[in-house]
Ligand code: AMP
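The chain that follows stands alone, in the form predicted alone, written as structure tokens.
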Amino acid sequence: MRILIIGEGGRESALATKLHKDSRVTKMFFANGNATTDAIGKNVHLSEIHELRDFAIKEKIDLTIVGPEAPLVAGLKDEFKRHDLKVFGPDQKVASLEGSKAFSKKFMQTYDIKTAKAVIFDAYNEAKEYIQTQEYPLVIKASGLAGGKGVVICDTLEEAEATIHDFMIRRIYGDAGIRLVIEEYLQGFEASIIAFSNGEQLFPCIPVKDYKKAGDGDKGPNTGGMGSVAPSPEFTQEHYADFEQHILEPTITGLKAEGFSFKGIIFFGLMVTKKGTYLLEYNMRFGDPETQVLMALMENNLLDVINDCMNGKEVQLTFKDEKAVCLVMCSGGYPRNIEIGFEIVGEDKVKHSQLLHAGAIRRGDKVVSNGGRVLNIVATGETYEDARKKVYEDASHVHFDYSFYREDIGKF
């Protein structure tokens, strides 16, 4: 098979590394890829949907896997389907479950999916009036795609007013913030469950814990993810039963009722409170850095799982009885202002873990930083501490200017 993977982060490196072991995969292309994918296959610099479509036709691509959300929300699957090109992912309408928080919240409310109480606003004055009467903390979300940064927990009315002004008037995230979802704050811990879809059924993976804040102890600004562990140590069988009954099953019911059949991935972003498990959001693709730990533990052949889903077959997912830890090494200043182009040294000293490039590219005979989240270091072990020791031992040998990472990933 000839495979095209769209994306350039650690998630794509993890998928590529897993697929690379399969002898049926004869060639892999990556748009736009990174230093890991460059060593596995061929990186191609394409971004527009019509460019990707033309490339897939020219190179006789058998399967396209989409990592990030933006191409799906922009309708890549729809365009590829018109040319009989297979894509593992949803069409534009179904991708709206991620692309529009207003759309997904209405879906949750319609199908009685357990979620935070929320109101949707299109008008600035109405949103401003609403927050005068609410309890705090309060959560304000930009409805559209904002690179994982369009959610603000406001502790005071003043913060809420400033956030609404930033989103709707200053438009710091462009059109993403001209419609808002304002919802109650849920106190608890987060968990991620990624499920494969065969068009009729959903097949969930083990739950993952993602570390979203930039600093130790969950301090600092939100990021795309500073690390992950699997399975989530906090997520119990009772939590899973609640998820299955009040989120998973009604989601399947809603997808069928709306005619939202798709073959791809659906990601459940969950909040577990004293009152049970709630759905925060859907993503319609593999998570990052959740995928990195799932691929490290998955016993299935990934290509078999994808092919079975594409053919509408049932899937039996199995995972090693081990723990996995992923540490994300970042550029100084992330998730705000960053500098790139710094040489990465010490990769040859990584002995106990898998090193996956994310925001890193090859420049001549060197590998240099090229983004905010630069490297992923992934290890497995019998315990979280076993995996954690491997990851941090290897991370201590890898350096680039101004790099940083959290010290508490997998520490319980």
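Computed from a predicted structure; not experimentally measured. One rule holds for the numbers: they count along the sequence shown, beginning at 1.
Note that the form predicted together with the ligand isn't included here; everything after this is about it.
Proximity to the ligand in the predicted bound form, single hit among E281, D308, D78, E159 (heavy atom within 4.5 Å): So the residue touching the ligand in the predicted bound form, by this definition, is E281.
Answer with one of M271, A102, A195, I247: the residue that has a non-hydrogen atom within 4.5 Å of the ligand in the predicted bound form. Only one listed residue qualifies here, and that residue is M271.
If we take heavy atoms and a 4.5 Å cut-off, which stretch out of 197 to 205, 183 to 191, 247 to 255, 328 to 336 is in contact with the ligand in the predicted bound form? Residues of 183 to 191 come within 4.5 Å of the partner.
Spell out, yes or no, whether the shortest heavy atom distance between I153 and the ligand in the predicted bound form is within 4.5 Å. Residue-level check for I153: yes, a contact with the ligand.
Wondering, does K263 line up within 4.5 Å of the ligand in the predicted bound form on heavy atoms? Because no heavy atom of K263 falls inside 4.5 Å of the ligand in the predicted bound form, the answer is no.
For K141, is any heavy atom within 4.5 Å of the ligand in the predicted bound form, or not? Contact with the ligand, yes.
Test of understanding: in the predicted bound form, would A176 fall inside 4.5 Å of the ligand by heavy atoms? Heavy-atom contact with the ligand at 4.5 Å: absent for A176.
Do any residues of 63 to 77 have a non-hydrogen atom within 4.5 angstroms of the ligand in the predicted bound form? If so, which ones, in sequence order? The stretch does not touch the partner at all.
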